[in-house]
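A single chain comes next, written as structure tokens; it is the form predicted alone.
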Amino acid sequence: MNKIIKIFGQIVAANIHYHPQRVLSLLNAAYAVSQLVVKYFPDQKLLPHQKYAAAICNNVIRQPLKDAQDTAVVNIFLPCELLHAMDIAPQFVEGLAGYLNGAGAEKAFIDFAEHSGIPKTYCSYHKTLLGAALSGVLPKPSFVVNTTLACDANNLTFRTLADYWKIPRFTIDVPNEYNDDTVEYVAHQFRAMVAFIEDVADKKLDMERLKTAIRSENRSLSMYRAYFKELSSKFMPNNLTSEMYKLFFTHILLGTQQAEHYFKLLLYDVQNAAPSKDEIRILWAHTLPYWQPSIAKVFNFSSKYQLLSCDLNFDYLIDMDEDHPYQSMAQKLLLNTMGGCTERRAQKLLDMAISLHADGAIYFNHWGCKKTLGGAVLTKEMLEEQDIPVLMLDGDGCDRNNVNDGQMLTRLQAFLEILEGSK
């Protein structure tokens, strides 16, 4: 870890119990400096879409920390078109926890959460968020909105947050099956969610603004699908952090002008990328340990290994219907590859591996993600039956203290050597 970041994390740990507002001020100052650095002194190895993402994502995390009015804490899978149409800024678990990790502060918040009674086996992203809230560092938002999709921690984390802050909460219950009845069941909840937000935020939803957000989202997805088509025959340098930044644009920012501009830059970059040659092309499943130097050194800006995408970034690529927004949002949840049976996620990973000409896939068993851990063997078998080699890599996407770095690197290098040998 960078020495300055390590010292910053130690300062956070020393102040978290008795001076939470001081910690918040330190985080705001750190992210303000980071904003200036990524804007005026970006890493020159980054492509235009990656530089743009670094600046936008920093701002998305920082704004609710500066001013929590008209903000909502959400989970990554919540369709945020309604929030954008009502000028409510989303703060999402995975993004905030990732940024607290980037500040070297996740250990202090995880320790606080565990000492407050949160189990060690709980997801480290959620523990980091809970520690930030329960310690009094994270400002109280206007309300909490979440879905039950994919993550079993969602059912506990958001209830705990709402109880602690004593603020309203709304949960979208997502069944495992897709049919007409479940679409209407979830669509009905979205209609109720609008009434909930209008009441809590004292704002009225403008349907024309919602349609504008949906049209923007459809243009973004159209460019994103074109990007994948181009990527199938191109080599475009990538890095773990940029692939994590992409989660902002493929989820909570969809429907915004920032997302649309990002996908425009992404498509431009891939159209101008070099043709694929003899690199090893890797598809990644689940979150990435972007903070882990040994793993980042292998992939970041490598000319030898092309990190194609993580599957969280193609969990739903279907256009929405602006005339039926609630049904479209329901379908977005019900057909998401992270929900339903494991075969759905594995099949999407396999389809993308074939279309992007992947040489292999890495299935990242993030600590605490029960659904991902449970689907590991089946996914590996499905891909290997189609001659796509799979490495199951145990690790943690957020908690530095919860990995065996040497073992991970050894297994990764051995896997890549096998792929090189069979190329």
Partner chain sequence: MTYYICKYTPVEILDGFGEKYRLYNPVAQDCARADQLIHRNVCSFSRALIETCVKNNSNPIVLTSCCDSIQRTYDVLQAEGHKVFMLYLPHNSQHCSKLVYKEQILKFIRDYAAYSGKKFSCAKFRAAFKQNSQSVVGGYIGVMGARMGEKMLEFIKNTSPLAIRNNTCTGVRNLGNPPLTDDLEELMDWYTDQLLSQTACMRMTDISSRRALVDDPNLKGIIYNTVSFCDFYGFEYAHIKRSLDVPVLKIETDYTPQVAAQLKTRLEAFFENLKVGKNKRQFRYITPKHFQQIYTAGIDSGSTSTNAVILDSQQRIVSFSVLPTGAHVLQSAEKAFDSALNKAGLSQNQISRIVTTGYGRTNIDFCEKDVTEITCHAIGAHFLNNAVRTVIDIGGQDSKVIHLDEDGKVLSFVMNDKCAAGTGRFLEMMAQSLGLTIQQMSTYGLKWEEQITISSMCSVFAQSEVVSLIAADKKLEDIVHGINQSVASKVMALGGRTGMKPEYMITGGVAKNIGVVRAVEQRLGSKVIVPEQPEICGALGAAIIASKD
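Because the structure is predicted, anything quoted here is derived from the model rather than measured. Numbering follows the first chain given and starts at 1.
This protein has a second form, the form predicted together with the partner chain, left out of what is shown; the following refers to that one.
For the residues 365, 28, 34, 63, the 4.5 Å heavy atom test against the partner chain in the predicted bound form is passed only by 365. The single contact residue among 394, 43, 384, 70, judged by any heavy atom lying within 4.5 Å of the partner chain in the predicted bound form, is 394. Shown here without its partner, the chain carries 342, 373 and 404, all of which come within 4.5 Å of the partner chain in the predicted bound form through at least one heavy atom. Exactly one of the stretches 77-85, 307-315, 158-166, 255-263 approaches the partner chain in the predicted bound form with heavy atoms within 4.5 Å, and it is 158-166. At the 4.5 Å threshold, heavy atoms of residue 185 reach the partner chain in the predicted bound form. Under a 4.5 angstroms non-hydrogen atom cutoff, the partner chain in the predicted bound form lacks residue 198 among its neighbouring residues.
The partner chain is not shown here, and in the predicted bound form it never comes within 4.5 Å of any heavy atom of residue 279. Contact annotation for residue 297: none of its heavy atoms lies within 4.5 Å of the partner chain in the predicted bound form. Shown here without the partner chain, the chain has 115, 116, 117, 118, 119, 121, 122, 130 in 107-143 lying with a heavy atom within 4.5 Å of that partner in the predicted bound form.
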